[in-house]
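Take a look at this single chain in structure tokens; it is the form predicted on its own.
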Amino acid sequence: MGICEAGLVQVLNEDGRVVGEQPQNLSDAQLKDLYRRMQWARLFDQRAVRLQRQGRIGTYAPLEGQEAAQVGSSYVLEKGDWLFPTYRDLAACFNFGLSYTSALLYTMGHLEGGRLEEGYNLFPISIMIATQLPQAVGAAWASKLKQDGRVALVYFGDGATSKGDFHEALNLASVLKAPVVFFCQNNQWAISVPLSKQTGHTVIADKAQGYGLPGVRVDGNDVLAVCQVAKEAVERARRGEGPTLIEALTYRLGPHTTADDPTRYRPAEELEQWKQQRDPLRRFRLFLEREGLWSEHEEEQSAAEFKTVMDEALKKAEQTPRSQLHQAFDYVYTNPPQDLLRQKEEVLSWTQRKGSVSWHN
């Protein structure tokens, strides 16, 4: 791997040319698979924004610009590992087994939204900032105690590093040598707060030093560099050598959510620079084309395949019966206590008088 700009790990430069050590463990088929996953994540993201504007899903947090960071890092996990996502990490969730239908149901406010098949350890999407970090340490500690060889990967943004949960999680993980990888997607903005107002020392990876664990800063728009750095951190954790903090330098190209207007606080020229010069899909596609692994025909064919899959997923989501209010009580306890059962009966009685009450978008 190459080291550039303040210790930033990089394999491909902005023009898709190799400037560092290319990972040897990825076959041509895997390289194409990585790009396809990134492409489909962006296509889903763009479609989801349109669906929200049409009133077919609720508020949505776009991930465009962060595909390499999410796909590259989650690609190295094994099925039994733990993944702790935030509200902007659907690309990682898709990599880990979440279906498009389940993701759409989540954006519609359905109780079944975000649910995976058995065997996948995907933690519920975290809306609250940084709360998932101590929970990831707990899952990793449990894996260490059980000696099951599993690793926890937890995502968070630059804004989360100002929360106490971030510091408590790093400290506890270091003390316990928990098999957890802290993956910070530094996308430069915590809603309208720029990184310069978030921290006095703008290299987030350096914060690891205070807790006695390795910190690595990687070009988050370079999927090959992300893959390699994440792979090393996961393998280190699996060997019992403890946690790693990874800072992936990336950029949120869209709004914070579909309820946000970034033009009110973000310089247009900054956005344009990241979009035109540092786009992660453009960078990786240029590399694949030079290697003879991708073409315009494959680009169009892959996009058409995505549309077919997405159309079917959307149809299935929109045909799913809406959640009923009383069903919320079914997802709290395996064996509900009597007071919860009484509350459920009250809701059922009330809805029978008022008519069916549901939510779904």
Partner chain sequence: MAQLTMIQAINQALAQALDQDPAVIVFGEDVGKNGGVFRATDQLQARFGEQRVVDTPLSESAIIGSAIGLAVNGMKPVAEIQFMGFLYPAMDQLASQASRLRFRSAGRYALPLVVRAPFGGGVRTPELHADSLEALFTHTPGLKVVIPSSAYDAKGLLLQAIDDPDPVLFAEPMKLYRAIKEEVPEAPYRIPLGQARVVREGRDATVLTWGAPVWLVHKLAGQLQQERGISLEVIDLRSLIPLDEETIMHSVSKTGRALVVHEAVKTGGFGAELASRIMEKVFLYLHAPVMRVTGYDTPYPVPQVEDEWLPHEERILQAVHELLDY
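Residue numbers count along the first chain shown, from 1. Nothing here was measured: the structure is a model prediction, and the numbers come from that model. By rigid core we mean the largest C-alpha set that fits within 1.5 Å across both forms.
Not on display, but discussed next: the form predicted in complex with the partner chain.
Within 4.5 Å of the partner chain in the predicted bound form, do we find a heavy atom from each of D28, E289 and E300? Negative, none of the three is within 4.5 Å.
With the partner left out of view, is V309 within 4.5 angstroms of the partner chain in the predicted bound form by any non-hydrogen atom? No.
Might R239 be said to contact the partner chain in the predicted bound form, defining contact as any heavy atom within 4.5 Å? Result no; R239 lies far from the partner chain in the predicted bound form.
Hey, in the predicted bound form, does Y100 get a heavy atom within 4.5 angstroms of the partner chain? It does not: once the partner chain is placed as it appears in the predicted bound form, Y100 has no heavy atom within 4.5 Å of it.
Quick one: does G119 come within 4.5 Å of the partner chain in the predicted bound form, counting heavy atoms only? Result yes; G119 sits at the interface with the partner chain in the predicted bound form.
The partner chain: the contacting residue among G254, G215, G159, G138 in the predicted bound form [heavy atom, 4.5 Å]: Of G254, G215, G159, G138, the residue with a heavy atom within 4.5 Å of the partner chain in the predicted bound form is G138.
From the candidate stretches 67-75, 120-128, 228-236, 280-288, select the single one in contact with the partner chain in the predicted bound form, where contact means a heavy atom within 4.5 Å. So the stretch in question is 120-128.
What residues of 329-344, in sequence order, lie within 4.5 Å of the partner chain in the predicted bound form by heavy atom? Residues within 4.5 Å: D330, Y331, V332, Y333, T334, N335, P337, D339, R342.
Given a superposition on the rigid core, I'd like a yes or no on whether Q338 shifts its C-alpha by 2 Å or more between this form and the one not shown. Yes, because once the rigid core is superposed, the C-alpha of Q338 moves 2 Å or more between this form and the one not shown.
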